[in-house]
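There is one chain below, alone, in structure tokens, taken in the form predicted alone.
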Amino acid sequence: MRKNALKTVLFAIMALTLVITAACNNGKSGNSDTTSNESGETSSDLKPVNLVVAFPMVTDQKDMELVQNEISKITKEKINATVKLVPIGFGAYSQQKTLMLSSNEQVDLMISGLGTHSQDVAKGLYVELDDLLEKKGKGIKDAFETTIGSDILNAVKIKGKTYGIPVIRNMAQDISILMRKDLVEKYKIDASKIKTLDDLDPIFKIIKENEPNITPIAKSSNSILTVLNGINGELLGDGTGLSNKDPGLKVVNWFETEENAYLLNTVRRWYQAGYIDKDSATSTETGFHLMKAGKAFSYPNLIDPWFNEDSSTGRETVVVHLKSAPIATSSINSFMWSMAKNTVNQERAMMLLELMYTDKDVVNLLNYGIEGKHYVKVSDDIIDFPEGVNASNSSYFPAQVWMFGNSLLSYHLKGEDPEVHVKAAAATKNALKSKVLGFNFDSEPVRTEIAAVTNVMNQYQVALETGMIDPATKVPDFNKQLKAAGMDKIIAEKQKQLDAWAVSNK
């Protein structure tokens, strides 16, 4: 979601090449049983512990337990801890996360963010991490400093405290549409002419008429607009946002804006034309799933600005870059790693988290599985699938490099740009940042109103954003219920905090 300072990227790439190389080399696992904390403890000084790590997963991975056991070999040696990996489907993750934490079930590290971070912090679900970072996780801070910048790590603080660690990845991404390359070529579609969402209608019409078993456009996660909402503004959570038309910092009800009306009318038009599946609002199948299965032509996604193709689904795609936007707090804290209040050992959990940001072997086990079984090395940092294995039939290929700690330590798949990590760090460091980068809303004063507004949003938002219901008749009712639930009070509180933040950050 970010606009790059392209004139400086080449110089930044040259400067950062040595930095990234050093970071990767430092992250490689060795045979030492010492840890990176200042106490000088070795694994033999530590009491054995099993740590539970929970995260969302797009597709089931048959060999997850095998990968878990290999990771445990490393963590047993380095921090005398074994690891239990708990993957949860994306559609069920938010609810399951809440159940795990409310039931006091053991979970030590988990993916946080997902649009509810401030609310989760207000509920006391996560451990404050600043002291732990100093004592047992300095490698994490060093990794940010030498790659994408400490400002990214600091942007997620709430009232000056850290409750989540962003994934080290490229934050400079474009709002894009991924389209199947084979069908683009088959129907001689000129993707270079697509500049707006309206330009997609005639293309979807071609697919609808000629490929009746293929959905022209599928949702990216919960809805068609999960990604596309960022085209015309910056969302601030709880149904609020900043409009691109307003140069100031006026917080508005996003569902009352002209920008949102345009987007809702667009997806409604697509739905009525049959370009969106009728059950899209209730289905757990995302565009990634459907394209991988050959059932979707396109879906919205956030893609690195220099990428022209993406084949994580196992199918070559044409990427239509619609818009770059500034790096926003909401994109940084969309996927983070937090320590759950239910952790059995805070210091050891931090030591494991540090390995996820500094240990190349741990990172690549999470990303690609076991060497020789799930991938083979082409060179030191380039891998390929074993013979007869591909992205579709592999027993371990999550295709979620962007989620597991430090993505810049991951191997490159054969065919990928070998400079992609250097480009990612340079693009992120040099990208235009949001005018409210680092603003994190304290939801405690309006916690009751947020719960009520969330209930209303759950009734309407996905159905509207998949085109299933008519915005002309439903949005007025939606906004009426939002107002009754306390939307105005949320906006007033958010405006008050944002104004104070702006004064303190002049």
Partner chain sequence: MKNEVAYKSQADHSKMKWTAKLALELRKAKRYRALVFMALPGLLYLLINNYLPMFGVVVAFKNYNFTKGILGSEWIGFENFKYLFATKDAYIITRNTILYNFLFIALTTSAGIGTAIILNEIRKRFLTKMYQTFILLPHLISMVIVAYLVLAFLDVEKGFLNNTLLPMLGIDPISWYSETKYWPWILTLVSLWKGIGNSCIIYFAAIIGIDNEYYEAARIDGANRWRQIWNITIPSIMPYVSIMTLLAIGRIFYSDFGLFYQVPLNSGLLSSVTNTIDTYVFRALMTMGDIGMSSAAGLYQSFVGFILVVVSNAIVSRKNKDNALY
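These figures come from a predicted structure and were not determined experimentally. Positions refer to the first chain, counted from 1.
The form predicted together with its partner chain is left out here; the points below concern that form.
Chemist: Establish, in the predicted complex, whether S102, K278 and I469 all lie within 4.5 Å of its partner chain, using non-hydrogen atoms for the distance.
Modeler: The answer is yes; S102, K278 and I469 each reach its partner chain.
Chemist: Could you check which residue among K141, K76, K341, K414 gets a heavy atom within 4.5 Å of its partner chain in the predicted complex?
Modeler: Contact check passes for K341.
Chemist: Using heavy atoms only and a 4.5 Å cut-off, determine which of N210, T284, S192, S379 is in contact with its partner chain in the predicted complex.
Modeler: Partner contact (heavy atom, 4.5 Å) among the options: T284.
Chemist: Residue-level contact is defined here as any heavy atom of the residue lying within 4.5 Å of its partner chain in the predicted complex; does S150 satisfy this criterion?
Modeler: Flag for S150 set to no.
Chemist: Do T473 and its partner chain share at least one heavy atom pair within 4.5 Å in the predicted complex?
Modeler: Close contact is absent here: in the predicted complex, T473 is far from its partner chain, nothing within 4.5 Å, heavy atoms only.
Chemist: How about P202 - does it come within 4.5 Å of its partner chain in the predicted complex, if we only consider non-hydrogen atoms?
Modeler: The answer is no: P202 has no heavy atom within 4.5 Å of its partner chain.
Chemist: State yes or no: in the predicted complex, is some non-hydrogen atom of E444 no more than 4.5 angstroms from a non-hydrogen atom of its partner chain?
Modeler: Contact with its partner chain, yes.
Chemist: Of these, 406-414, 124-132, 355-363, 431-439, which stretch puts a heavy atom within 4.5 angstroms of its partner chain in the predicted complex?
Modeler: After filtering at 4.5 Å, what remains is 124-132.
Chemist: Given a 4.5 Å distance limit between heavy atoms, list every residue of 456-473 close to its partner chain in the predicted complex, or none if there are none.
Modeler: Contacts from 456-473: N458, Q459, A463, M468, I469.
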